[in-house]
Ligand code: NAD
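One chain is shown next in structure tokens, namely the form predicted on its own.
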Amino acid sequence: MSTYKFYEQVNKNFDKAAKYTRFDKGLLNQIKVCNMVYHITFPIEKDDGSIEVIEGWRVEHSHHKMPTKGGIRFSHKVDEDETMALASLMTYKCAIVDVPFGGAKGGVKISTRDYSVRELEKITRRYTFELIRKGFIGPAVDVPAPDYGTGAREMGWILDTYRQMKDDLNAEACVTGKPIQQGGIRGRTEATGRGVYFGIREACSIKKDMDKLGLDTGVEGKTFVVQGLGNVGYHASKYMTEAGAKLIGVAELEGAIYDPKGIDLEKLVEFRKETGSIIGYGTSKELPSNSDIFTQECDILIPAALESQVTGDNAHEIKAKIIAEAANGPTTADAHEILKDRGALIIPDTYLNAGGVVVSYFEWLKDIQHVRYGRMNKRFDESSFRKIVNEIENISGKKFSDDEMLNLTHGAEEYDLVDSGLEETMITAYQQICDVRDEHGLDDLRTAAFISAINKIGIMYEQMGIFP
């Protein structure tokens, strides 16, 4: 099997798009390069009294906007190349969806299954201490978030460590993806998967693109398979099935299953909780290998696990008409060309999985402003709606039931506003990407998305006066 350097793959996509921009080569090189790379090693004492040296990284890719933003990944596969690649993708992702952050990423080279909760807390707090010591974290500097192997619990530990060391009024904004009680925001857990659904829905609404694929517009009735039932894969699948799409294949660490008659997502999740595996669920067929999920018949393939899953080695066998990149960098540059030449529609990761950073941005704003979304206007809106509905009752003679009245006069709460903001962002960004594609006569969305990002970042650098 071929070896792929992730950072190299990202830069190949960048270089391809840069040809369509007007910027000087030197400015393009400044956009592309990682500004700061911090390699960390530190010891921890394990529960059995032994000492282990832990290795980690934090990369700040671009400072054209501040703070920088990006998740922290706990994985035994973490290395400097991966962290640099993910940080650069974050820069482009934020630009594509108009979130005012530079890109960053962090990683700790551990497999979480090998450590107790107490040991994971030690690792997280020590990693945070090292970031604080070198100025790689802060509400106006660099704001981490969850990623593969981390979640709200770890973000809470990071916030608590930061608070102990910094006297900062805006401390809660030093990290996002936190528990609600620590300044988190409603809708953050499902944000990336929800954004994936909004992106797929928007792509499926473009008639000329669906006509090329021989598909009807809309999500309803389309079949899909998903690789990875983690947070992103699960929520993307949840909203897809709620919209009428049919889940027919799933791959996880333990293997892959396929059932053209359909798979009930919630029942599958429950089955896996009980048995520890998706294998043997219902009438599904076990595939020889979990990588075989990519070659199954379906309308939409959703890779929602790790990078470099769709490569030149398996791209020829992929039958899906739409590849929706829920993971970061799941498709290599050569695989992209193979799929594009076949006529598949590839919805790029730099756009499609941006829901997490969009809602992280909303959480950061909430923590900077020190007020919950909806607190100022919810009751006023409900009162105004009630007056309107009462007037309708007086004019029409119709009497609304209590349930109808509650539904008609509902004022927007935090989740409603977050979800609305996410939906608007994903729709607007997709329209911008399509406009760039049409402007340049391109046949793929990835290059258009990179062009959109480069143009926005390049203009920022020019306005900063760094280049004459």
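The first residue of the shown sequence is 1; numbering continues from there. Since we're looking at a predicted model, the values are computed, not measured.
What follows is about the form predicted in complex with nicotinamide-adenine-dinucleotide, which we do not show.
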{"property": "Answer range among 324 to 332, 367 to 375, 311 to 319, 168 to 176 for contact with nicotinamide-adenine-dinucleotide, defined in the predicted bound form as heavy atoms within 4.5 Å", "result": "324 to 332"}
{"property": "Glu252, heavy atom within 4.5 angstroms of nicotinamide-adenine-dinucleotide in the predicted bound form", "result": "yes"}
{"property": "Contact flag, Arg188 vs nicotinamide-adenine-dinucleotide in the predicted bound form, heavy atom cut 4.5 Å", "result": "yes"}
{"property": "Touches nicotinamide-adenine-dinucleotide in the predicted bound form: Ser284 (any heavy atom, 4.5 Å)", "result": "no"}
{"property": "Contact label in the predicted bound form: Arg73 to nicotinamide-adenine-dinucleotide, heavy atom within 4.5 Å", "result": "yes"}
{"property": "Contact residue in the predicted bound form, from Leu265, Ala305, Met84, Leu345 (heavy atom within 4.5 Å of nicotinamide-adenine-dinucleotide)", "result": "Ala305"}
{"property": "Listed residue (Thr161, Thr241, Thr295, Asn231) with a non-hydrogen atom within 4.5 angstroms of nicotinamide-adenine-dinucleotide in the predicted bound form", "result": "Asn231"}
{"property": "In the predicted bound form: members of 191 to 211 within 4.5 Å of nicotinamide-adenine-dinucleotide, any heavy atom", "result": "Thr192"}
